[in-house]
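Below you will find one chain, with nothing else, as structure tokens; this is the form predicted on its own, and questions on how it binds or moves follow later.
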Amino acid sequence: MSEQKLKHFVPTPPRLPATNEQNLLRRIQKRCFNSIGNSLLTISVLVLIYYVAKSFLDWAVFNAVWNAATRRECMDISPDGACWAGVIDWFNGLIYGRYPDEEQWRVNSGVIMALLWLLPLMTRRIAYRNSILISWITLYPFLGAYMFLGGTFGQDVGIIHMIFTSLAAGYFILLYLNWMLCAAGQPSLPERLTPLTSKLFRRGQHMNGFLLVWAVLSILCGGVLAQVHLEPVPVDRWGGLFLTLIIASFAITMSIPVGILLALGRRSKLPVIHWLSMMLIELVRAVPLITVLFMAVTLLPIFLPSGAEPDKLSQVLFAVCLFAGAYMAENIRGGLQAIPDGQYEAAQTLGLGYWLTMGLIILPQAMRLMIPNIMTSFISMLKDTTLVSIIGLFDIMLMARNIANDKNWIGLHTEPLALISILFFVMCYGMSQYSLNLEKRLKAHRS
């Protein structure tokens, strides 16, 4: 009897499809009104949000003054509203500082060129995508500095700066030519030159073709730029959001190589390198950024030879780069410690040396693991760059304070600070969302 039951298969009845309980109203009811206490808390928060939002909109939008000549006129029109007329009057200064009005197109062109340089990274079909980011870090600063500083090749611009600016311009054109050919499904320029380079070189025809095209384009760009004269604009005329973005971009991009070197130095088995790296990291992390800025501005010129004192912006860039690099080193060191020993042993089995092991196997995994921490450091550095106003650089914070000293807008503090808060919120939120997107994309690739 028992044997007959075991041999008789009784299928289970099919389950009914799950009902859709994830619509918006059900989720709100389940999360916010699932008990009396949560219902009271939700209603209290909604009432608080209503009064705060209503008061803010009344001040910032409905009772605001958008067109006036002075702050007194603003107060006469609407004493309870915001005086955005002063912010509009100083908007150019908040963005460009004291940069000459007729030369501000160069700032816009330089920023657009920086964004266009990174745009091909969104295309997965293009080859050697990592080289785009490396070229942006190593070459674009020369092209951007030429756009912002101006001058004439061979006279105001030094020979080294002139060579690297030509290389940057040539690489930028080559990058977009290859991108357009890739989008059209055509072989890239170096691949088209393979029949020619194969006759000249036995090995590395593709790389040699790339270098040949790059050299020709760089020479042509250098020849064109030599005929152009841009009005020189000294560094002390830079300011506003433009200067803030320059300092933050430099600190963010340079913190990664500096942090990698310091992290590898701290984990080095060589005592001198290990202790020097550890002392530098701990010394910088033990003091706030403003202390590092004052040390760079006041102490650094003492140790330099007479006549070699750099401008204040260069000293600030050195200080923020050192500060960001020390914090980045600890983030990267945490990622390195999370890599299992099997990865090192596998690299040794393949016969890879120290630098190839780090560059091809260990560091990519460590950087992927530490993306949230790295992006947090970037956001923190973007906000900390506003401290440079204390040492006299006319960044966006100092320009905002100058509005209150204008005879027409005396006492106008709140509106400029509100505008700066919105700008920083947009930038920081955008960086945070990009970090989340990058993290999901890398996890998807791993799966």
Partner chain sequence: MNFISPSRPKPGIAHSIFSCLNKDSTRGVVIQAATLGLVLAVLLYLFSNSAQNLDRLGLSFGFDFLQTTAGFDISWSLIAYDPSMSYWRVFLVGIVNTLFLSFCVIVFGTLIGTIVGILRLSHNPLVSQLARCYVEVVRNVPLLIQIIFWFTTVFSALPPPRSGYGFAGLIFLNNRGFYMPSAVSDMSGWLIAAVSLILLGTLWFLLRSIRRQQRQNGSVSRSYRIAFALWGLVLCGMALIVGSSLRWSVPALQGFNIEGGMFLPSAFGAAFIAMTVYRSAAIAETVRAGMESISKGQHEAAATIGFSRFQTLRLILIPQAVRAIIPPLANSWLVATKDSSLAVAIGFPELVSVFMQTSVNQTGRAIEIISMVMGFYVVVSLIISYLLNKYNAHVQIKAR
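Numbering follows the first chain given and starts at 1. If you superpose the two forms and keep the largest set of C-alpha atoms that fall within 1.5 Å, you have the rigid core. Everything quoted here is computed from the prediction, not taken from an experiment.
If you look for the form predicted in complex with the partner chain, you will not find it shown, but the lines that follow are about it.
Novice: Exactly one of 210, 99, 327, 117 has a non-hydrogen atom within 4.5 Å of the partner chain in the predicted complex; which residue is it?
Specialist: Checking each option against the partner chain in the predicted complex, the one that comes within 4.5 Å is 327.
Novice: Heavy atom within 4.5 Å of the partner chain in the predicted complex: which of 69, 41, 57, 410?
Specialist: None of the other options qualify; the answer is 41.
Novice: Given that the partner is absent here, does residue 292 sit within 4.5 Å of the partner chain in the predicted complex, heavy atoms only?
Specialist: Taking the distances in the predicted complex, the answer for residue 292 is yes, it comes within 4.5 Å of the partner chain.
Novice: With the partner left out here, check for me: in the predicted complex, does some heavy atom of residue 272 sit within 4.5 Å of the partner chain?
Specialist: Heavy-atom contact with the partner chain at 4.5 Å: present for residue 272.
Novice: Should residue 65 be counted as a contact of the partner chain in the predicted complex, where contact means heavy atoms within 4.5 Å?
Specialist: No, residue 65 is distant from the partner.
Novice: If you check in the predicted complex, is residue 222 within 4.5 Å of the partner chain, heavy atoms only?
Specialist: Although the partner chain is absent here, residue 222 would stay clear of it in the predicted complex, with no heavy atoms inside 4.5 Å.
Novice: Counting only heavy atoms and a 4.5 Å cut-off, does the partner chain in the predicted complex sit next to every one of 131, 147 and 176?
Specialist: The answer is no: none of the three residues contacts the partner (heavy atom, 4.5 Å cut-off).
Novice: Within 4.5 angstroms, counting heavy atoms, which one of the listed stretches 234-242, 284-292, 336-344, 137-145 is next to the partner chain in the predicted complex?
Specialist: Selected range: 284-292.
Novice: Taking the partner chain as it sits in the predicted complex, which residues of 293-311 have a non-hydrogen atom within 4.5 Å of it? Please list them.
Specialist: 294, 295, 298, 299, 301, 302, 303, 304, 305, 306 sit within 4.5 Å of the partner.
Novice: Any chance the CA of residue 380 moves 2 angstroms or more between this form and the one not shown, core superposed?
Specialist: Comparing the forms between this form and the one not shown, which are aligned on their rigid core, residue 380 does not shift its C-alpha by 2 Å or more.
Novice: Relative to the superposed rigid core, does the CA atom of residue 405 travel 2 Å or more between this form and the one not shown?
Specialist: Comparing forms between this form and the one not shown, the residue 405 CA shifts below 2 Å.
Novice: Is residue 60 displaced by at least 2 Å at its C-alpha between this form and the one not shown when the rigid core is overlaid?
Specialist: No; residue 60 is a residue whose C-alpha shifts by less than 2 Å between this form and the one not shown when the cores are overlaid.
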